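Below you will find one chain, with nothing else, as structure tokens; this is the form predicted on its own, and questions on how it binds or moves follow later.
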């Protein structure tokens, strides 16, 4: 069997609300290679693990702090201190305008109790589990919207790199892959901030494929949306520039009509030949790889 990397996307988010410590602990027990952390800054400069710069699609912020939304009607992580954020409940992702959940068959909305946590707390959980279990799980943080943070007077990359360094993640040999959609920020992280971490350029749009040779000057891998793999140039150019490819996001409950999850895995992992995948269902991907 070819060695393929499995990344738990926001944890075991197909089963437990995303980016909660419960989702990370459950994912850890499934034995993927990496656990993903999206990172946004709080008002008091604590790196928080949450997918968006907004709070209103995954928490009860509108109930707890109804008067703290901005003029656009949204609630921003950056407007709350870490202590305030810890007062919120995390719930299954929903449409903040309609209240309808995004994935109806997942964890019931508003049931049990889940909260937000810092990047530091998550790293301590993963490193603690590495020690207690004897396993060796890596982390896969994403710096979210650095330009937005800069417009708010904050340098998120410097702060995230400081936390990673404090916990022993400084080079390519460490079990840490750092990702971002912002190409200029990744270039800055490599060339100005002198990071020696393994860097991955996330890709969402077809026109970015032409930039792969430029990306190769400062990153080690690509993280394309799976739809981009339909353009054969992507894998060809990645291979030509010696870049690994970790595609996102494979979900059992988000398939094309008449497609099984196994067929999707076969297509992406083997026919397209990517090196790894982000998935909400790491157990299913690992089981598939073992059976194959």
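Positions refer to the first chain, counted from 1. Computed from a prediction, not measured in an experiment: that's the story for all the values here.
Unshown form predicted in complex with a small molecule; subsequent notes refer to it.
Put simply, of 220, 142, 84, 145 only one has a heavy atom within 4.5 Å of the small molecule in the predicted complex, and it is 142. Residue-level contacts in the predicted complex: of 65, 28, 261, 248, one residue has a heavy atom within 4.5 Å of the small molecule, and it is 248.
None of the heavy atoms of residue 198 is located within 4.5 Å of the small molecule in the predicted complex. Within this chain, residue 179 lines the site of the small molecule in the predicted complex, having a heavy atom no more than 4.5 Å away. Of the heavy atoms in residue 9, some are within 4.5 Å of the small molecule in the predicted complex. At a distance threshold of 4.5 angstroms between non-hydrogen atoms, residue 54 is out of contact with the small molecule in the predicted complex. Residue heavy atoms within 4.5 Å of the small molecule in the predicted complex occur in exactly one stretch of 56-64, 231-239, 263-271, 35-43, and that stretch is 35-43.
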